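Below sits a lone chain in structure tokens, taken as the form predicted on its own.
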């Protein structure tokens, strides 16, 4: 047991199963399934977390019926042929000492999948359209409801035959069980609607179906949103009563927040860094006091072991979901149990490569740890046959990851950074409102540099004489990008600033227009920063909306903040010119002029340009080298870190 976290690392008994600690990985999309069954990649992904010390892994959703195919690669539990494939997954998790549960799932009206290019009909509770996905579902007959209920029981039986320890009914986030429970969605007048008891009947019968078809020792739980955070959804009081009434028939309740049905509610499916750590613990604590022997699990931005320890110590929950923490660092539990807290690679809640990848139909990963989701490729990095003297130029995320990778593969590595600080563009990101936590990527990579034994030299200029004197065997150029200002037609009368000028302390006038070419987090942060300082801000976006290039939960939360601040937004804008307190745009769709008047300051958020000065002479030197990150082409921290890994391995092994 850990001396730092004695409660978090105490065993937990659930029914007849002993779980080695109080940390669990909640069910989450990975896009690592294929053909409805677990793949070697999915097994390797979960094995890495089991090996890293997690107590319980709740495997992602398994569809209980053909109508539940909410993505093309959802796991399927509707046929006995799936049993041996799931056995491979559960056996692999068990061999590493972790318990294995699996989610049973039907999305109901929250369906965006296509089959053979055509939108599938959604099976719904009643005629209540889905706002977010614009779905009008067919209302299920009682026979169809019975078919779905039987599907839960049959899928649970197959998972039990495959060796799973428990099953979890996904009633969270506005999916089918929640739709039955909600009076704003369930308009039925039969035995499945009309009053709280009837609305609960579907979930009650699903539980009965599972219990009647599965071994008695199988653990049965439910994942429920403690608050949907939607004006038309189930609030905390309603959900507390629902949970309290369901608890006697369940072995555990797994508490989360949000709903897929709306933009505001869906933010809580994978809450971004602007949401408080462990914010659902007060609800789980209240529930824990009310449900007696039923176990209570909680998740929602619990990314540090000290936060989880506090939740368990205070009796707010029996176990804590730390899913993204283990996407970022699969060995987080093992490190915490050994007291190696400073060695933990902390999740920063950016959502970019975890849920962001899943929504793009890409395998899960992490911008800080691209090895996640790619375990079969990178779990064991090849060692260099002969140690080489490697010089990495540039101390942003790309350069730091390159230096770490080079050192981990057995080379002698030096990193040169021409400024006085490591971090590159991440230093700018953390300076903006609601992006402070992004600076954690710098702290995490700096710690890995130290542990890998990389020699870091700040204020070091890379040129031909210095390179010749150092005499490297290989060079990685991670020199990043430089600021650039596009040509702007016009004359006097409008102050024009680059966004980096604002971060350097430049002041604006009262009436500000921000031109957002990038549609990422920068212009949003500029608008928040200047609005909070008292300026009247208008945001002109070269895209369909602010934040179009970032993950939609992060984007939607940011758009909500801009709305509350009174920032006026205009989309499809291309900057043309500025003069006489007027800024001129072209509407990119209509190709017609747009004029914004009464402007004191124009703040431009343009793309950067690559900074690759040394490449020409380095090429003629004969020294093997690679150009990575923004120095190759300005993109995001994800590409920078990924290329720090992959390009360095290609160069050195």
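Positions refer to the first chain, counted from 1. Here the structure is a predicted model, which means the values were calculated and not measured.
Keep in mind that the form predicted in complex with a small molecule is not shown, yet the notes after this line are about it.
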*Any chance residue 109 has a heavy atom within 4.5 Å of the small molecule in the predicted complex?*
no
_Quick check on residue 28: any heavy atom within 4.5 Å of the small molecule in the predicted complex?_
yes
*Is there a heavy atom of residue 173 no more than 4.5 Å from a heavy atom of the small molecule in the predicted complex?*
yes
*asked:* My question is simply whether residue 333 lines the interface with the small molecule in the predicted complex - judged by any non-hydrogen atom within 4.5 Å.
replied: no
_I need the one stretch from 477-485, 323-331, 521-529, 138-146 whose residues put non-hydrogen atoms within 4.5 angstroms of the small molecule in the predicted complex._
323-331
*Among 445, 562, 164, 355, which has at least one heavy atom within 4.5 Å of the small molecule in the predicted complex?*
355
_Within 4.5 Å, heavy atoms only, which of 203, 243, 311, 270 is in contact with the small molecule in the predicted complex?_
270
